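Okay, so here's just one chain, in structure tokens, the form predicted alone.
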Amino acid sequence: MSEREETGTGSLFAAPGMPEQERMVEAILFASSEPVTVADLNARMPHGCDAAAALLLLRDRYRGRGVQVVRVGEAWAMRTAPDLGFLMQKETVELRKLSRAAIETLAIAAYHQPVTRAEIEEIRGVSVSRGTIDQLLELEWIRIGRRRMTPGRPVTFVVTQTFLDHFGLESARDLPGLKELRAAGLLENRPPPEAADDNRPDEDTQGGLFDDTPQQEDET
């Protein structure tokens, strides 16, 4: 009996060494336009590879370099080092500006997720227009979460991995504190609405979503 027969077929499919696994992970992350999960890496790599271990070694290898291996939610990506971001400013073009209503809605979703539309309206003190929610969904900064087990079973909203990636966050826990957010003018302390929901001001009557002029609700 030959040595190959004695050892079985396992030797024919032995996983490559860890240096080669690092190269594979590096190639996948470099070519991917989206963050990649460990499960996806393992699915692409040869049987027996340990993508998680290769990722950690690769992250250490890139530490201090111009490009770093970073975790984004449950996935991994290659990103420019934060201190070198100024080099990319010439390539960044701001196509449109979110209204204050959209910024506040996004902030509430991030800090109170999972949150329903009614809860967003209660915190802001005004009705949330359908356009605001639709725009944030279109940007893929929020997504629909699980329905609440309450009468009517309303849907909830949570921030997405795209949101975390855009703002360079590993998770929602890395968001600045509420005090910092209010100091930056992104959140306001609004008194709870005294009138019924039907009497609340409606965003749709207070300017377009991308209107650069201050909206009426923000002047109070």
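In this text, residue numbers run from 1 along the sequence as written. Keep in mind the model is a prediction, meaning the values are calculated, not measured.
Omitted from view is the form predicted in complex with another copy of the chain, to which the following refers.
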Indicate whether another copy of the chain has at least one heavy atom within 4.5 Å of a heavy atom of T80 in the model of the complex.
-> yes
Any chance I28 has a heavy atom within 4.5 Å of another copy of the chain in the model of the complex?
-> yes
Would L87 count as a contact of another copy of the chain in the model of the complex, using a 4.5 angstroms cut-off between non-hydrogen atoms?
-> yes
Heavy atom of R153 within 4.5 Å of another copy of the chain in the model of the complex = no
Report the residue, out of V67, A53, A172, A39, that has at least one non-hydrogen atom within 4.5 angstroms of another copy of the chain in the model of the complex.
-> V67
Does any residue in 32-46 get within 4.5 Å of another copy of the chain in the model of the complex, counting heavy atoms only, and if so which ones?
-> S32, S33, D40, R44, M45, P46
